[in-house]
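Here you get one chain, nothing else, as structure tokens; it is the form predicted alone.
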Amino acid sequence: MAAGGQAPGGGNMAVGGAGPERGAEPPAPERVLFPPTFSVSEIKNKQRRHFMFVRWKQQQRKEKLALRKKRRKEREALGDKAPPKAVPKTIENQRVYDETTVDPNDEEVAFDEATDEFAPYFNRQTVPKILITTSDRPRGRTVRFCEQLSTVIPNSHVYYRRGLALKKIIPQCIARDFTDLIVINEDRKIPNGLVLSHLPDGPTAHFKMSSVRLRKEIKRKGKQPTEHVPEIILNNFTTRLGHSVGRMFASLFPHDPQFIGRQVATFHNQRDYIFFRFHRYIFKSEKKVGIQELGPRFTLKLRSLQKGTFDSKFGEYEWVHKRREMDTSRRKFHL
């Protein structure tokens, strides 16, 4: 045998089996392990965390805008063959169906409306006359709110209780032909509640009041409201309970609005919160209309509806808001 590890014939002989065999696959590369999904909230530095969050929001906004432009170009390219626009999902259109939703053609609803406590008003047998009062010893903000509310509701009168109980006020109101009683409650010098009692037979509604803004606190407000009777807009009172509350608000205002005043009082129900706004509309041209908010503004949340006039001890309640039992779903509304 030739020295040097050469095989006969001059071929080289592999020593120790070194070197890959022909046809064998190369070894797979090692897998790179990345860290798990990172959250901005894990950043300890407050300034760095805020910077990363702002940058992430900007990136999300850019992606959303790019997707919107892409869809718009696709719709323009398809023309009439473009698919209809998708309806966004909101809490309102995903609302849980309520069995008490009012059907305008329902005979039972029509019969109840013809015989309820508000039938004399809607039959034009009574003229609204409102008494507005407050809790005991009201502060200046509550007093100013009552005075401004009296300029919104025609034929309303503001009187201060001077410690007189509501059970004694109601018979006096009935004797003086008042049709409704409004009581503004306050806490820590801020109006936080409203009691509305329809006279003489009820019902009585108790509302939580929030987000009160007086006229001087509203930006870009219009001039002082005039004495014209305003128009009334009631939005989204769809259930039997909401229908009763809407009729109660409607009975505060006279039937025939004076359109020359161009003033509108709006009660807008959204997710069981009732937003009140008072506007004046202005005709800028034949096609354009502008609005000016006159104030005041506030938000109401129904707490209870009681049969008859105000009676905190022996009153019979038609409906009471119980948070733990009723607020089990964000898509469940009562008005």
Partner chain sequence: MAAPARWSHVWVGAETGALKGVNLQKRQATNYTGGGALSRGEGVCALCWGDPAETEVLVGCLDRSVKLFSTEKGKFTESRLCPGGDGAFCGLAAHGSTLITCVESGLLKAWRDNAAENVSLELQAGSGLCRMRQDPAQPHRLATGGKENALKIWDLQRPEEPVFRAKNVRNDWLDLRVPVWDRDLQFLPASDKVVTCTAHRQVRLYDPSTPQRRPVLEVTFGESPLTALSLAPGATSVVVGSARGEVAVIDLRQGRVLKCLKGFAGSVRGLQCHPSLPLVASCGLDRFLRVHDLGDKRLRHKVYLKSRLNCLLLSTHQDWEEAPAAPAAVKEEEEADDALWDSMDTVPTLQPEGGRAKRAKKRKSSGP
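Numbering follows the first chain given and starts at 1. Keep in mind that what you see is a predicted model, and the values were worked out from it rather than measured.
This protein has a second form, the form predicted together with the partner chain, left out of what is shown; the following refers to that one.
### Query
So which stretch, 108-116, 254-262, 171-179, 75-83, is the one near the partner chain in the predicted bound form (non-hydrogen atoms, 4.5 Å)?
That would be 108-116.
### Query
Can you check whether D327 is within 4.5 Å of the partner chain in the predicted bound form, heavy atom basis?
Outside the cut-off, so no.
### Query
Contact between N123 and the partner chain in the predicted bound form at 4.5 Å, heavy atoms?
Output for N123 is no: heavy atoms all beyond 4.5 Å of the partner chain.
### Query
Hey, in the predicted bound form, does R277 get a heavy atom within 4.5 angstroms of the partner chain?
No, R277 is distant from the partner.
### Task
Mark K301 yes when one of its heavy atoms lies within 4.5 Å of a heavy atom of the partner chain in the predicted bound form, and no otherwise.
K301: no, not in contact with the partner chain in the predicted bound form.
### Task
Taking 4.5 Å between heavy atoms as the contact cutoff, choose which of R297, R49, K307, H268 touches the partner chain in the predicted bound form.
Exactly one residue meets the criterion: K307.
### in the predicted bound form, residues of 307-335 near the partner chain [heavy atom within 4.5 Å]
Those in contact are K307, K313, F314, G315, E316, Y317, E318, W319, V320, K322, E325, M326.
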